[in-house]
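Take a look at this one chain, the form predicted on its own, written out in structure tokens.
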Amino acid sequence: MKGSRADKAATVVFWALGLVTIALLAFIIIEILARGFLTAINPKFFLGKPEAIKAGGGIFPMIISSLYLAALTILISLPIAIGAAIYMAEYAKKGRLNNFIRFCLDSLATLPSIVFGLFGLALFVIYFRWSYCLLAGAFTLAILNLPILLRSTEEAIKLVPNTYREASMCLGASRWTTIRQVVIPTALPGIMTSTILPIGRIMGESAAIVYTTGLFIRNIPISPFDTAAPLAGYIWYAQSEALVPDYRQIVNGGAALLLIIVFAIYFLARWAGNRYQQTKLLGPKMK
């Protein structure tokens, strides 16, 4: 009887905590969309160029800057994360080296983003003389998101059943061939899902990009060495330093549009992962 009561009490507590979390998330989403949704869906706003002084400017260069920055960051960090995750999951043995690598990853994951921003400013902007540009911001955010991306990718690889590896090696495949043709394709949906969180953090990061990419532009960046103004950084700039009289409308509309973009990327990545998994499962049966 005591065990049954404790189980019921724990169930009630965890359900309550889950509902509180969902309620807080729903409140944040509804509040942001209620304040800026009408502005965000205005074509003049999300397709127009920003204004430095007068009202009525848009944020299209900032949207392109955010997407460009996210693509560059993932292009830099994902190959490193996959390679390191393969080593950690398939080759590394338990010992001091393995523990040291995990300690370094955990330490990087706990550092404030402002520290990465100052590091990117000192290394990429000043020492390498890249000035404020997309590439400096991409390398900074790649370092910032590497621990999360690496650990998530490692867990996705570990979830592949060992029977897959054993079956492949029994057929004469080498260890690397097994990893390349069996393990990675099987873990690909999980790897795609693990990139969602870093992409969301890249799109919403402002502290690191303020010191590396820029805050205000009027033209769309083309080269990775062009100055850019990602949307999150521009929202901070409009709120704190902008001279335009409609800065509040820009902040609310930009925040709502940023939320919509992140949700769109999230659902697109989940759809692509599920689609790939269904294709892998149904493909052999259809043949």
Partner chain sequence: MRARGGEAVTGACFKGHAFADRENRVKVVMLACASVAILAILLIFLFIFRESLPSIRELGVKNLFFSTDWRPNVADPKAGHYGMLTFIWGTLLTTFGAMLISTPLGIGAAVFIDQVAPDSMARVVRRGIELLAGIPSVVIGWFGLILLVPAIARVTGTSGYGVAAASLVLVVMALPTITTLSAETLKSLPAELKEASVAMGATRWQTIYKVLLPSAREGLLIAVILGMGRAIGETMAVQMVIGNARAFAVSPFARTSTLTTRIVTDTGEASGIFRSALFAQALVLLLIAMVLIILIRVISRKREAA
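Note that the rigid core is defined as the largest set of C-alphas that superpose within 1.5 Å between two forms. Positions refer to the first chain, counted from 1. Owing to the predicted nature of the structure, the values given are computational and were not obtained by experimental measurement.
There is another form of the same protein, the form predicted together with its partner chain; it is not shown, and what comes next is about it.
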Query raised in the report: in the predicted bound form, which of the listed residues (I148, V182, A156, I199) lies with a heavy atom within 4.5 Å of its partner chain?
Result: V182
Report task. Answer yes if any heavy atom of L118 is within 4.5 Å of a heavy atom of its partner chain in the predicted bound form; otherwise answer no. Result -> yes
Query - Any non-hydrogen atom of L24 within 4.5 angstroms of its partner chain in the predicted bound form - result: yes
Query - Any non-hydrogen atom of L135 within 4.5 angstroms of its partner chain in the predicted bound form - result: no
**Report entry** Interface membership of K93, its partner chain in the predicted bound form, 4.5 Å heavy atom rule
**Finding:** yes
Report task. Sequence order please: the residues of 129-144 with a heavy atom within 4.5 Å of its partner chain in the predicted bound form. Result -> I143
Query raised in the report: Any chance the CA of A173 moves 2 angstroms or more between this form and the one not shown, core superposed?
Result: yes
Query raised in the report: After superposition on the rigid core, does the Cα atom of E31 shift by at least 2 Å between this form and the one not shown?
Result: yes
Query - Threshold 2 Å Cα movement between this form and the one not shown for A40, core superposed - result: no
